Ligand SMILES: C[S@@+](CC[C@H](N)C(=O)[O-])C[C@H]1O[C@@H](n2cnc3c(N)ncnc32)[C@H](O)[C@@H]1O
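Just the one chain here, the form predicted on its own, laid out as structure tokens.
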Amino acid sequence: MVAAHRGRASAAPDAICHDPWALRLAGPEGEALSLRWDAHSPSMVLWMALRTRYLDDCVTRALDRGVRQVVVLGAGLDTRAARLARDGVRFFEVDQPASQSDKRERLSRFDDYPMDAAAFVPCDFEQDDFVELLETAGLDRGAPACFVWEGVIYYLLEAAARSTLERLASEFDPRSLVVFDYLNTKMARSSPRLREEDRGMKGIIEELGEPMQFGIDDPTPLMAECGYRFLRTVSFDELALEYTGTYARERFFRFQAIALASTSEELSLW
């Protein structure tokens, strides 16, 4: 579904993001799910365009500043390793073995996708040590990396989210960056104050077996407790204003935002 929304956003006449493989990766099932979601939130295609573009821009800025390692945690059908490839830069995709196997099978059908764009790191996060697996795959923990954690944290229990953030802060080069999206507690916990449209979206997610579990209203205390010094957050409306030059109060997708953090990298120019 997410890949389908990203692909549909990429196919728009005034596209904000660009992913030439997303719709093919999503297939008919993904596209049907994305259209079903749109019945509850017509702003989803815009949000996916904004989220994709902003995360792409974060990675690009990190590479411009000399980072040569990019790690996509819970990669799903992400294609940044191919889209943002540069000489001398290594991409690592960490995901559940079954999901990664399915993705590789889908990609193998495409003549135009570089299968060697990323090092695939299969990882069962409940049993495996993702830090050790990344190091085994060739990640240099003594050099900075950019960690992209997209569309994952709100499906985790809070303890698991905290543990991952703490390890990213303490076990890698302090110049590293982590960028992730999060949603508010009202959406995560099914507050009685949720709009009917939001309830409809949650219903689809729960039906697919991935219930939302962890919400964040203010990431500052969380990130401080996990060891981060610098933090920047950006909202749906801020991204829409930046990338489209517009603000519209009637847009519905305001429960999600993006955070960029580091233990030592000052983010004033980000």
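Throughout, we count residues from 1 along the sequence that is shown. The structure displayed is predicted, hence computed values, not measured ones.
Keep in mind that the form predicted in complex with the ligand is missing from the display, and what follows is about it.
Checking 169 to 177, 132 to 140, 150 to 158, 108 to 116 against the ligand in the model of the complex, the stretch whose residues place heavy atoms within 4.5 Å of it is 150 to 158. Residue Cys123 is the only one of Cys123, Ala145, Leu165, Ala188 with a heavy atom lying within 4.5 Å of the ligand in the model of the complex. In the model of the complex, the ligand sits within 4.5 Å of a heavy atom belonging to Ala75.
The ligand is not drawn, but in the model of the complex it has a heavy atom within 4.5 Å of Ser99.
Interface membership of His5, defined by any non-hydrogen atom within 4.5 Å of the ligand in the model of the complex, is ruled out. Using a 4.5 Å cut-off on any heavy atom, the one residue of 38 to 58 that reaches the ligand in the model of the complex is Arg51.
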